[in-house]
Ligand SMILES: Nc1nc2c(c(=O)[nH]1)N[C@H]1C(S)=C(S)[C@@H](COP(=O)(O)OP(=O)(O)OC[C@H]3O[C@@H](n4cnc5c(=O)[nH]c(N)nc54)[C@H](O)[C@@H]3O)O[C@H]1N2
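The chain below stands alone, shown as structure tokens; this is the form predicted alone.
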Amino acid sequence: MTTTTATHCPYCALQCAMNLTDDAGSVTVAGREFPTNRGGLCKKGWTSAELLSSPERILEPMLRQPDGSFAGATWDEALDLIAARLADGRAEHGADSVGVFGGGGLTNEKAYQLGKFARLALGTSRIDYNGRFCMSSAAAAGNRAFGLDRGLPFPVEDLDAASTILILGSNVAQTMPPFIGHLEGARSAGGLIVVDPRRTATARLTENGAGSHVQPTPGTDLVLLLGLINVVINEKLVDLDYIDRRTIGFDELRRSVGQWWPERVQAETGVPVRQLRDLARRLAAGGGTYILTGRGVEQHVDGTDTATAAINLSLILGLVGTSHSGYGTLTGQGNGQGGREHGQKCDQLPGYRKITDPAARAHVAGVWGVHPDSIPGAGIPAVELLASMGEPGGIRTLLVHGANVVVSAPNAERVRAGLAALDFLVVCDFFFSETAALADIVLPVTQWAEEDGTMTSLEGRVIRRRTAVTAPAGVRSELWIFHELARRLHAPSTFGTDPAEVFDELCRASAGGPADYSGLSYGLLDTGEAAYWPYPAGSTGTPRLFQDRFQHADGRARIHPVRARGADAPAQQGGILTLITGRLLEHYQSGAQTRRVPELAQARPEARLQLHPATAAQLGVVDGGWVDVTNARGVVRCRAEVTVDIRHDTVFLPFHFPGEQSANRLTADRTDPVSGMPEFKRTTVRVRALAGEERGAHV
């Protein structure tokens, strides 16, 4: 029997539509017409079905044995043991000794139920998720400026009509290739502007008159934006009418940027004065202008301020909430948007409500059928949560869902040591990821094509994920796992296993919150109607936010002046360079899935350090030669890729690889004080060419 199911790609937040055809167990993928991808898919999407039948799939619960090996167990054995260890740990060390780490790839239903499970069944406040490494700075900036955070506050199709699009720190041509179709209008008008220290595939789209590539020194994006604001103000390019009607704070902003005259900005960023002025004038020229930010400018200790500066620039140009113009941020993970709206973030309850708000607690408690006081308060963000493993007063038990922290978290060797210091580690996964390999118990869970659910795309559109194939007999959905553990732990409330019922509960819990889903249902989503939140009951949704007002009580946006930190010493002194990390076309996140797809693994089997030819010559590095990349936190050993596509003072590593090629062995766990975002994009390292005998051991 052959069946075809309409669903969406399991990877990035573009959530490309696809059809899965199951012909007697052989599953094939075809692109499906949808506004974000228009029938196109990237390499990851085309090969996504291969993981469903991977020989590396975990097909039964696995328990670590005394000798360190794993052996299969029944579900009752595994869950009984987990429940007993959780109960004992809480009794001895308190509820906050149990930590929960979620993921931006979980469906809305799973993310919601995970937050509920942590707070009611476990009684812990110690829950956060890997979206803290992805969207947190942009989210904090959006909430600060607009009173609401939605990645793109407009449908992605709106970009088609733009004449100017400024992309800061995002390589969309490799991270979400179908997205570049929405840049064609700006390219045709010569208005695609890409800010990136590397000449990425996205930056190359600006060539041949299609736009311009701005290549600042790593870590100086905030200064660049302050300089653009200075030029816009001093050249009287601001939209004063918009500022007067719709914002607060412009006079303070004007005073705060006075020191960032173009020549000073050039000295700190390396961006020529003329290019800075031309960029400001282009943005102010009208005809449809959008400013989009990505992780490259947000994954810094000043990431929230940098995203805020981009918003300030958008506001004084009158772009936000107006026709054919706007500001947005490009969410990365598949459900990065929905994953942070419904409760797996340490300071939030469903509907993007603040967990410290008494009214929010009362509403959610009413849906859950518990007293508000039974819901724990705010927890701690992901980096701090992981750093507390094994520390006095820290977490002693950890449950991990949809994340591979040994590869994805900063200061990875410290994370590995923390995991080893735990009393008990449980990981839910499809495969033995690097984190699962350290667990006491690994629980095998359903993959994307084996389950129903909803995801929320980068444009705030809620979409349906549909079951296309039957899951292997030994795996279970996390919804079932939460239900079974909650029952064993005698938890209050109910923990449904039917995704449609859980979604209905999520919608009730979100009612009246900033991310209101109360008008949504599987029935409505199955009609194919576009569903953009907020979608209160009785409404038709909100494809375009902020057209009439912002979410602050007075309806005005907040222009929040920010200041750049003092300039650091130049990176390249005595062989010291600045490392930036990022993604490759063929791989996704920690690579736990894509490294198991033969076509993708063969195309990019290893991490390679990109460095400029002049830098390579100075260090004695040859293309394809082995290098050590070191700092006080660790060492990475990999091959070199010599390319003119990077600045001479900068090197680049992809973060998809484990072991001695893991880029996050080097990154610091310093965080943005507002968002908790780690600084992945600016790490000081030393690069050394390996001698012949050292290289020989790795050939």
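Numbers for residues come from their place in the sequence shown, where the first is 1. What you see is a predicted model, and the numbers here were worked out from it, not measured in a lab.
Another form exists, predicted in complex with this ligand; not displayed. Remarks below refer to it.
- This chain is drawn without this ligand; in the model of the complex, the residue among 403, 192, 506, 386 with a heavy atom within 4.5 Å of it is 403.
- This chain is displayed alone, yet in the model of the complex one of 299, 113, 314, 337 has a heavy atom within 4.5 Å of this ligand; that residue is 299.
- In summary, the region of this chain contacting this ligand in the model of the complex, judged by heavy atoms within 4.5 Å and restricted to 116-124, 584-592, 598-606, 417-425, corresponds to 584-592.
- Taking the partner from the other structure, this ligand in the model of the complex has no heavy atom within 4.5 Å of any heavy atom of residue 459.
- Proximity of residue 133 to this ligand in the model of the complex falls within the 4.5 Å heavy atom cutoff.
- In the model of the complex, at least one heavy atom of residue 445 sits within 4.5 Å of this ligand.
- Residue contact check for residue 429: one or more of its heavy atoms lie within 4.5 Å of this ligand in the model of the complex.
- Residues 218, 219, 221 are the members of 215-233 with a non-hydrogen atom no more than 4.5 angstroms from this ligand in the model of the complex.
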